[in-house]
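Just one chain is shown here, as structure tokens, and it is the form predicted alone.
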């Protein structure tokens, strides 16, 4: 019994250390960019030793990958929350609304996305990590959902999934990341209604 308690405490401590390191890494990446971030800075910001950082993460790219995987896990929840038996009109609106709402409510995500785009020229592997862990699973899950509903009569569920998610990403890009709300104003629900009409009429 005491052994199990010790294991539980060790696990909790490890989780706390990981959280400290990831919080420090996120703050450093967002403040100084990928190139300007060092493991020393992450350790200092996270309140841990440099040795502790290296005991959990092999290098800076490993830290970045862990952050992307965490974001992916947070974002992928709203794809998995929709059973395939859910009516398409309800499921697609839920996914679209959740994606757009979460982005507007979590400014650190958009800032992180800006970082990935800004650093993609010098560090293409960072963008690939983002696409592999966040974009690809979302498209695959939505493709699977669309393919499971033959009543939609979609000739290419994957292409439709890419169009759907791509439209939402472009909306975020122009409205929030590029500060285009006053230049290209559009209500969120108007965009979602248009997307649903295109898909449900097929």
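Numbering follows the first chain given and starts at 1. Think of the rigid core as the biggest set of C-alphas that the two forms share within 1.5 Å after superposition. Quick caveat: nothing in here was measured; it's all calculated off a predicted structure.
Another form exists, predicted together with another copy of the chain; not displayed. Remarks below refer to it.
With the partner removed from view, the residue among 89, 73, 127, 81 that has a non-hydrogen atom within 4.5 Å of another copy of the chain in the predicted complex turns out to be 127. Put simply, residue 32 is close to another copy of the chain in the predicted complex: some heavy atom of it is within 4.5 Å.
Taking the partner from elsewhere, residue 147 is found to have every heavy atom lying beyond 4.5 Å of another copy of the chain in the predicted complex. In the predicted complex, at least one heavy atom of residue 116 sits within 4.5 Å of another copy of the chain. Another copy of the chain in the predicted complex is approached by residue 162, whose closest heavy atom lies within 4.5 angstroms of it.
For the partner-free chain shown, 182, 183, 184, 185, 186, 190, 191, 194, 195, 197, 198, 199, 201 of 182-201 come within 4.5 angstroms of another copy of the chain in the predicted complex, judged by any non-hydrogen atom.
Taking the rigid core as fixed, one finds a CA shift for residue 95 smaller than 2 Å between the shown form and the other one. Once both forms are overlaid on the rigid core, the distance between the two CA positions of residue 139 between the shown form and the other one is under 2 angstroms. Core-superposed comparison between the shown form and the other one: CA of residue 129 displaced by less than 2 Å.
In the predicted complex, the separation between the C-alpha atoms of residue 38 and residue 131 grows by 3 Å or more relative to the displayed form.
Relative to what is shown, residue 68 and residue 84 are farther apart in the predicted complex; their C-alpha atoms differ in spacing by at least 3 Å.
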